[in-house]
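One chain is shown next in structure tokens, namely the form predicted alone.
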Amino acid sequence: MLEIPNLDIFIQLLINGILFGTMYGIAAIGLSLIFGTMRIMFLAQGSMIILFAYVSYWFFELLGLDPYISLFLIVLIGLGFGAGIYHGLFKGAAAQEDKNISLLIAVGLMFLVENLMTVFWTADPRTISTGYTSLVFRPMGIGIPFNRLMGFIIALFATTGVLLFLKKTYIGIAVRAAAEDMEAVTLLGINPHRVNSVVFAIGTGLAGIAGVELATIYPFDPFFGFIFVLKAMIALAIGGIGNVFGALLGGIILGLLESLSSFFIGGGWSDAVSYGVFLLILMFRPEGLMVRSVKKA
């Protein structure tokens, strides 16, 4: 029989789910942008997130940089690294009709990054512990950890920034057009490689944001990235490919599902519930819950 929590506990569960789910949402936005333009699922996104978590950890341990200060530097590194990944690994494959080539490159990159992280930082879990790690705000008796609140605020700013970029800039409009029809965009004189490079840069920059959030909240190791990208894919399925705000909201919904299922069913069931929801969405609503369904005549 399920335990019925009191109102305070229920609100706490909701807050925990929302705050943690924003990390899934940020990762899902990057996946959505890359898939929208190149039609590949960038499975190395999770490894990129863990890589930047380690970079943030190194900045903190070696240079004494607060993770929220190093965030700006990490985002810049992520943008440059993403563009470099595209031109170094995916540019040639992007011109091929067979998208499996790009997918295999992404899988190879994921394993390469995982093993390099193991060499540099070993497989031991790491975390960033600051003076405010244990700081918790308690409005009306509800605990809101400072680190999770900061992650939520940063995620909202990042999502807003991506939306403004896509709607208000020339290259952002080109990215949206490429997601609809890359061939038509090419005929209009827009360089597809430039569009793909920008998308990879943004996706990896978002991975940097998620990496800093993760490093300040939970212990991480080199192999946590694959699990993380699976959760981002679930968030993407919920929100719908091509829907930036939907991806963030999908991550929040996933966070709520995990928080509630852990309490009502048990911690070991949260992943099973997430993957079950993933399968149900793919079966009955593959376009995503946040995308308006188009009925065929």
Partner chain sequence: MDANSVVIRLERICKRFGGLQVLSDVDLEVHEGEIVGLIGPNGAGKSTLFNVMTSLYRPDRGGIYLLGKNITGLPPHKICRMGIARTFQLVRTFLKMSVLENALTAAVYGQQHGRKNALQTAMEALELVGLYEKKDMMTVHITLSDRRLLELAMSLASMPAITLLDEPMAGLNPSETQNLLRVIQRGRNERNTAVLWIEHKVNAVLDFCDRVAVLDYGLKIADGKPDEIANDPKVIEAYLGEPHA
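Positions refer to the first chain, counted from 1. Model, not experiment: these values are computed from the prediction.
Note that the form predicted together with its partner chain isn't included here; everything after this is about it.
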item: Candidate from 73, 136, 173, 153 lying within 4.5 Å of its partner chain in the model of the complex - any heavy atom; value: 173
item: Partner-contacting position among 227, 188, 164, 123 - heavy atom within 4.5 Å of its partner chain in the model of the complex; value: 188
item: Among 173-181, 126-134, 139-147, 202-210, the region lying within 4.5 Å of its partner chain in the model of the complex by heavy atom distance; value: 173-181
item: is_contact(residue 91, its partner chain) in the model of the complex, heavy atom dist at most 4.5 Å; value: no
